[in-house]
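Coming up is one lone chain in structure tokens, specifically the form predicted on its own.
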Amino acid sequence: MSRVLVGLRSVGVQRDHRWLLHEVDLTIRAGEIVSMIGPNGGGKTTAVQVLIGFLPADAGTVERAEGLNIGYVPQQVHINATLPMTVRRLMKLTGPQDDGKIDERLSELGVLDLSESPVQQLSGGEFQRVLFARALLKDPDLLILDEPSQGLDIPGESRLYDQIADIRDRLDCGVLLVCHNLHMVMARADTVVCLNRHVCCAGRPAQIASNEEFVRLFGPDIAKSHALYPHHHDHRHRLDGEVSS
């Protein structure tokens, strides 16, 4: 099996005597795409913040591989409308970056022609792609994407998820997707984790669609329709192009 990049072990986060997360277990391995789903207020953002170290756990443990390099695309980034900021400057905001690599990553996401554009003039979908390109600058071991397809139309969303799979194969990185589009989750993920303050269910997409907790959260009609999208991904693509079980 691939090496473990990050794991939550019986993790809990408490605020005002109320558990935002309770007894949560989650493992992400190299080369694996994990999708986290669940209702609003179910703790998905809190779990991500614990994973990347923004928020300490009040219970349990967080395990990270030594030297783990994380690329993170948050759901929302607010930039002051009066702040002069081009796309290229945004890419260099946290430190010096090679212009050639910046161009390579922007090109990979189809937004190289926007490199000198003010970020305030970008559409929602364009801005998401720029943030995605920025997260790839350091060739992360773990890529965390919180609603990465917001602002994209259906064809654009499909292309983005194809790119995510290609990047996973090229870098052999782990990917955590926080996503509300259940069709995409069922079609593209290796593992699905359904979170509602605790882990309601977790496993392969085909298994999740018939799980009682999944049906209870999303309703029998949704569960029935998404059971039509099982994803049997029982192999991995190595960087040399060979397929291994």
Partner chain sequence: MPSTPTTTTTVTDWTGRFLPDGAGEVMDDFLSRALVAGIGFSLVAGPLGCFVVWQRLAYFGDTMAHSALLGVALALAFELNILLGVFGVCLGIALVLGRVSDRSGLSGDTTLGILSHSTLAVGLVLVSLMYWVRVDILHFLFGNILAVTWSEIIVLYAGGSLVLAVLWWKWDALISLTVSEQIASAENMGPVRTRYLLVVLLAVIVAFAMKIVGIILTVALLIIPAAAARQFSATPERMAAGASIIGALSVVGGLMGSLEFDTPPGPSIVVNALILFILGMIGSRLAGRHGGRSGRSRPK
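Positions refer to the first chain, counted from 1. Just so we're clear, the structure is a prediction, and the values are computed from it rather than from any experiment.
This next part talks about the form predicted in complex with its partner chain, which is not shown.
- Of the stretches 170 to 178, 157 to 165, 100 to 108, 130 to 138, only 130 to 138 has residues with a heavy atom within 4.5 Å of its partner chain in the predicted bound form.
- Put simply, of Ala209, Ile70, Leu182, Val193 only one has a heavy atom within 4.5 Å of its partner chain in the predicted bound form, and it is Ile70.
- Candidate site formed by His78, Thr94 and Glu126: every one of these residues places a non-hydrogen atom within 4.5 angstroms of its partner chain in the predicted bound form.
- When contacts are judged by a 4.5 Å heavy atom cut-off, Ser117 counts as touching its partner chain in the predicted bound form.
- Residue contact check for Ile52: one or more of its heavy atoms lie within 4.5 Å of its partner chain in the predicted bound form.
- Residue contact with its partner chain in the predicted bound form: Thr86 places a heavy atom within 4.5 Å of it.
- Its partner chain is not shown here, but in the predicted bound form it comes within 4.5 Å of a heavy atom of Leu122.
- Annotation for 10 to 33: no interface residues with its partner chain in the predicted bound form [heavy atom within 4.5 Å].
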